[in-house]
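The form predicted on its own is given below as one chain in structure tokens.
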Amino acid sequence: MNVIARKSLYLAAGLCFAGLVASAGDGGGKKGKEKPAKVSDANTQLKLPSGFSAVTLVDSIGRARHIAVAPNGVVFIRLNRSKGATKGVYRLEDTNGDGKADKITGFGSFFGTGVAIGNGYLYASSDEEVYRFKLDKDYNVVNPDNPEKVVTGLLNRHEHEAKAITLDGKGNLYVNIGAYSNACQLKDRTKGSPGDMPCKILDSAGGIWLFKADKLNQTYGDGVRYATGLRNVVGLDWNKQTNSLFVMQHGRDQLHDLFPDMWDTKQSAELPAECMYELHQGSNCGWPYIFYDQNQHKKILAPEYGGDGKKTGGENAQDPVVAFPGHLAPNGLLFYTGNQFPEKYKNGAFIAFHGSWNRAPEPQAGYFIVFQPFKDGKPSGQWEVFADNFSGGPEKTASGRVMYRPCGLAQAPDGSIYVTDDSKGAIWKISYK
């Protein structure tokens, strides 16, 4: 991809990570025995802008998805199910200030993606529920074996099932309900199959649902559909400057495979855009009826609904605020509010691109962190690659057989940022000096 080729520089991997030895204890800090993690310096692994450096908080903690950091620096990692994993949340603490976790405890028997801190609680989602754990003043989990259930019965059809979550600080909980479909075809991912009209999936999925953060035992039906027309969202964050929700949508797949007369393989590898949207109550982003073409800068009518690659559509659907190349899989979003990084990063957005699987026969792409500048609450200027070489080098990127896949992002109290990897479970802390 030309855009990626211009933006991405890779450094051959020279770091072999050691395994993590950690306690999967029964609590958030006071119970269980912790063993020190074996950690490595990641400076030789990642390619970063001048003045930045990275260390690994841990090397291999499992399929680490999203991450939350407490005001005292304690880190909470959400784990997806992986071989040998028995706990779904890990509390990591650096007690001697060297940037490496030396006190690690695991708790929670459910696995998933979302994690957030607010209202004196740690919130964590599975693919069907959202739970919360009470935290004490030192951000230890008070009763790790008995979390409270905030929301139950969330839709899970085993496609786009990850329940990413965020809080707005005003008592509201936002939950992604991904569409269990690629493009709402009558026969999903079937060549030439038309789209369901209207798309019935949108009644129960394909959007963001709103719940009360402080109310227990809410059901799926108690939620309010906050925004619709979103195929799947994994990266989302509440922007404190604009006081609004921003999300990164995973765009649809297989334009060439399903409609080869309209798109060739190169076009299909780059389209449609991976889009950033600013959402408000009632927002409609247009899936499945349209997709966004970042080259034409237009909302294009989907082929399942009569499109030919040129017809526009979605008059009632909002435009993205930023459009990135297709199939990079944006899994993490963070608006930077710290003071450690240079001024240009203030209030801008970091996005973790997990990397592609579906660009063949074109090379795969992604596996990096990009930065999108913002000014006065709006994107300002061109995005740039910020942290690269998670893959291990250009050959690994092109093949998709990569070392690491960035997923979650969080800001530390000192203004550094954390990045998770859900392949091997490395956690990096990126700092500026």
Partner chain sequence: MKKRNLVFTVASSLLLATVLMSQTKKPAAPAKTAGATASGGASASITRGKQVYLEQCLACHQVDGAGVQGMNPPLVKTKFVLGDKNTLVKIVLNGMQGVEVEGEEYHGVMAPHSDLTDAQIADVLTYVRNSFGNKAKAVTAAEVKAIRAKNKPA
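Bear in mind the structure is a predicted one, so any value in this text is a computation, not a measurement. Residue numbers count along the first chain shown, from 1.
There is another form of this protein, the form predicted in complex with the partner chain, and it is not shown here; the text below is about that form.
- Proximity of residue 153 to the partner chain in the predicted complex falls within the 4.5 Å heavy atom cutoff.
- Using a 4.5 angstroms limit between non-hydrogen atoms, residue 225 is distant from the partner chain in the predicted complex.
- Residue contact with the partner chain in the predicted complex: residue 372 places no heavy atom within 4.5 Å of it.
- In the predicted complex, none of the heavy atoms of residue 411 sits within 4.5 Å of a heavy atom of the partner chain.
- For the candidate set 189, 266, 311, 212, a heavy atom within 4.5 Å of the partner chain in the predicted complex is found for exactly one residue, namely 189.
- Taking a 4.5 Å heavy atom cutoff to the partner chain in the predicted complex, the contact residue among 159, 278, 168, 102 is 159.
- Just one listed stretch, out of 336-344, 102-110, 319-327, 354-362, contacts the partner chain in the predicted complex at the 4.5 Å heavy atom level, and that stretch is 354-362.
- Here the marked residues 81, 257 and 422 all reach the partner chain in the predicted complex, each with a heavy atom within 4.5 angstroms.
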